[in-house]
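Below you'll find only one chain, the form predicted alone, shown as structure tokens.
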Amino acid sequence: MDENTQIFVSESEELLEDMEQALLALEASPNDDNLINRIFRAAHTIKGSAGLFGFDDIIAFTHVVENLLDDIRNCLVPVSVDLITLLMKCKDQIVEMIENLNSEDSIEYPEKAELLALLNAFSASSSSDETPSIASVKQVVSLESDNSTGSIYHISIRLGLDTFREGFDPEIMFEQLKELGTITQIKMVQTSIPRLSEIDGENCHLGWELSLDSLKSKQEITEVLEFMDGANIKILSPDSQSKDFIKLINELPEQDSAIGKILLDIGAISPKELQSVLNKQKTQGGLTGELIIEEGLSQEKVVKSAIKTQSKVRKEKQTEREFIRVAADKLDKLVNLVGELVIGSAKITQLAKSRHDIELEESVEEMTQALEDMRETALGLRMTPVANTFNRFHRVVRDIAKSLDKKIRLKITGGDTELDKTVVEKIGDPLTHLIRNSMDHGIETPHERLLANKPEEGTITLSAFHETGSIIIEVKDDGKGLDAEKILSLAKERGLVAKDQVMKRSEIYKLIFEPGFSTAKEINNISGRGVGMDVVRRSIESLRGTVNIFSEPGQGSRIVIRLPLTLAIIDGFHVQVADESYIIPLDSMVECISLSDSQKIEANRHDHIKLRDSVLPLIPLDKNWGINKNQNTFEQARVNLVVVQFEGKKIGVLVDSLHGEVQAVIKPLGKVFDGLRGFAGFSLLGSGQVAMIMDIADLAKSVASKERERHNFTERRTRKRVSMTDILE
């Protein structure tokens, strides 16, 4: 696509998204004029922009949609659920047509004819259920809907003194007017005729006030009468069009135009009339709007409406912020360059410290501070509100609720919470799975809810908020909750857990994230294949996030997703084990402690220590990752404990040395490291050494998984030994 077409596509997508949100809101408030006007403006703007590029198919289809929307605005067609469903489908059709603009092949739209037929059937002027042809639709587009009915224009004509000398016959003028329409009233003006003794036979003193019933626009009438040089002609649009003119003013793009330009754009005055007003303004002064009213060129209420619109736009422009569209790949490149600067800055900082030059260290410190501000600014450019993703689920909930014959409302909180654009793009599909499952498995039918003393309409709450350097996204419903016994029974049937295994309720709930697990009795187009929740877990973990589920029987379920704010650069804490360097994300750290001798002995013998009257589980990194160390040095050397937290839990990580805070540029691990647990990526230190970035949540789960396997293996060996003894006896 060329640049202009790309702009059209981008702006149209925004308009269509706004149209969908307005349609969803209109269903709850069917008489809201502002919402109806928002929908109409979106369709009208898309049609107008498509006309600039000659996208005939989009013009033709959008025009028919616009006609129906105009009937709705004029209260000729009532808003109903079926009507909104139709307009939703029309919006989807326009989206599909825009997406195919770059296609070189001829695209067929099988649903288009049906939609046109439905639009025609809903229209106030329709009297037939027949499907309109594409040709007839294009023919309708070529006509201006504003002139579809006759209008009574008032025309004031004063011929010039030299009209007869120039050989002009006034009868020709009336013949021209008859071609434009029907002259319903006419009156000759005699006030300018002098006394008989003063009459010059060659001078013309004729004038008329007449009413013309015409389908033509004011501009077309003006063009017909422009040949009459020296004549003073004023064409006043009919009062019936005042409302239409005001409506057109409200639909104009919000730009700071002059009053005369606004009235010219909507056809309230002609170019010649505007020029005459501007000429008078130069010689006599005064305001354009007042002169137009004084000359009787347009209705006073129309001019005042234009003045009001102009004042509103100017006021908004004084306070509005300016935005520039920037391609996403340019932002990504900027963040990557900042990341390289961070790595280079770390090297320079280390070199400066080794030189012991105070002035050099101060300069490097200033540079580092400026670079940190630059990093925050660059990352801020990639941050986008989650509302852009959340709002699209209104449509999902509406359509699925209708197919399930349930009443469900979506409530959104924290939509202004910002998140890295990469994370926002990838979180949409997991959220779709979660919401669909809540609607299918969680929310009951209206009848079931009434029996459970609940309102007929169920509620799904989608919320987002920040917490300790992460973003929390919750999907909550007020349905029947999860049945722990049923989940455990199905898991045992499918071999996901041992037949005699006893599990906590929280552990049972996590089984729904296992591959192939589903509680649906039958497969439908919403759920039942056992892939949704597994996809959710893997998608979220690929973003270095975690997902947990909480439920109360009869009260509903709550799924909590924790995600990092960014995937590019983080504040970390540099630690070392033997000769290996690691970086712990700073937002997961609680404190650092040097173990006492007694605590070192306790940590060496057990997998936990007692810290402030609480038991703290420990993860010795050397043992977990197989780092060779002299065991005797453990009790002799200084041992540091880094207390970290995730999902509201605390654990201790044993390390040898602490090196302080660093800015870590996250670089992904290669495919050869697929399946490596406990790491989010790697980074380069100022020394050039590679430091692995720890994923605390995944590390804890990996250690717990190893402990569970070791425990199960021990139990199996014990059972096998007993069984063999029985056989020998």
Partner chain sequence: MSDETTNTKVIVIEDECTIYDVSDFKESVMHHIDNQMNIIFDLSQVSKIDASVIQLLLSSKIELEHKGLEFNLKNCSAKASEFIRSISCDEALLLAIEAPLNP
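Think of the rigid core as the biggest set of C-alphas that the two forms share within 1.5 Å after superposition. Positions refer to the first chain, counted from 1. Here the structure is a predicted model, which is why all the values come from computation and not from measurement.
FYI, the form predicted in complex with its partner chain isn't displayed, but the following is about it.
- Exactly one listed residue, out of C204, I307, M503, I84, brings a non-hydrogen atom to within 4.5 Å of its partner chain in the predicted complex: C204.
- Contact with its partner chain in the predicted complex, judged by any heavy atom within 4.5 Å, is made by just one of R355, K187, R538, H606: K187.
- For its partner chain in the predicted complex, the listed stretch (373 to 381, 410 to 418, 483 to 491, 168 to 176) containing residues with heavy atoms inside 4.5 Å is 168 to 176.
- Within 4.5 Å of any heavy atom of its partner chain in the predicted complex lies no heavy atom of C75.
- Proximity of P455 to its partner chain in the predicted complex falls outside the 4.5 Å heavy atom cutoff.
- Taking the partner from the other structure, its partner chain in the predicted complex has no heavy atom within 4.5 Å of any heavy atom of F646.
- Although the partner is absent from this view, R195 contacts its partner chain in the predicted complex, with a non-hydrogen atom inside 4.5 angstroms.
- K510 shows a C-alpha shift below 2 Å between this form and the one not shown [criterion: core-superposed Cα displacement of 2 Å].
- Relative to the superposed core, Q555 shifts its CA atom by less than 2 Å between this form and the one not shown.
- Put the two forms on the same core and the Cα of T163 is off by 2 Å or more between this form and the one not shown.
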